[in-house]
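Below you'll find only one chain, the form predicted alone, shown as structure tokens.
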Amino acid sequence: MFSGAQVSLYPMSDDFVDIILGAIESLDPWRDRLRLETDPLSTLMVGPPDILLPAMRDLFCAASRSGVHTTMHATVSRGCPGEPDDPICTPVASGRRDMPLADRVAEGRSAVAAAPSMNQTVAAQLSLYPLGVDHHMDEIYGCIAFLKASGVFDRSKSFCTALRGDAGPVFETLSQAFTGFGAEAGHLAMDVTVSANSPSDR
């Protein structure tokens, strides 16, 4: 299986270079489990699906602690048929997507409740795309049920779901959505945008 993300970080500051380079240092503890490649548009993160969102959490929080308005956009994918299998992508935790949807929702809620606090309030929105399965709407509705019960659900929007809360539970919610829904052997993509310190919140 192949799993990874294309991640772009946007600090709204003249000091954006130092903020981004400083934030990238927060990925050092993850480097033994991730392959990282940076180009002018984004950073490719390849690794286990259950590691991707926690690593992105640390990257985003390191940048947002600058106090400036910071956003991050990521396209996250697992099981893409156009990419070769990579041993680095072996999940740390055992898969659970063969469990009934109600059980996956309950397990996801428990994981979010146990997430550490990062002391950084964030807003996020995500869209989930289970591909190549006949029952994709069941998986989408199951994920929406999980998001609404996650404790960080903000509201439903056109084409996406909005979350708000501490970065720890929010990113764990994103991680559970990514790892807990969609067919076990199918291709799944998720579009994520996260924001912190937005002037619209003042």
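Note that the structure is a prediction, hence the values are computed from the model and not measured. Numbers for residues come from their place in the sequence shown, where the first is 1.
In what follows, reference is made to the form predicted together with another copy of the chain, a form of this protein that is not presented.
Residues within 4.5 angstroms of another copy of the chain in the predicted bound form, judged by any non-hydrogen atom, belong to 63 to 71 and to none of the other stretches in 145 to 153, 24 to 32, 166 to 174, 63 to 71. Of the heavy atoms in residue 75, some are within 4.5 Å of another copy of the chain in the predicted bound form.
Another copy of the chain is not drawn, but in the predicted bound form it has no heavy atom within 4.5 Å of residue 87.
Taking non-hydrogen atoms only, residue 120 never approaches another copy of the chain to within 4.5 angstroms in the predicted bound form. Using a 4.5 angstroms limit between non-hydrogen atoms, residue 112 is distant from another copy of the chain in the predicted bound form. Contacts with another copy of the chain in the predicted bound form, taken as any heavy atom within 4.5 Å, map within 8 to 39 to 10, 11, 12, 13, 14, 16, 17, 39.
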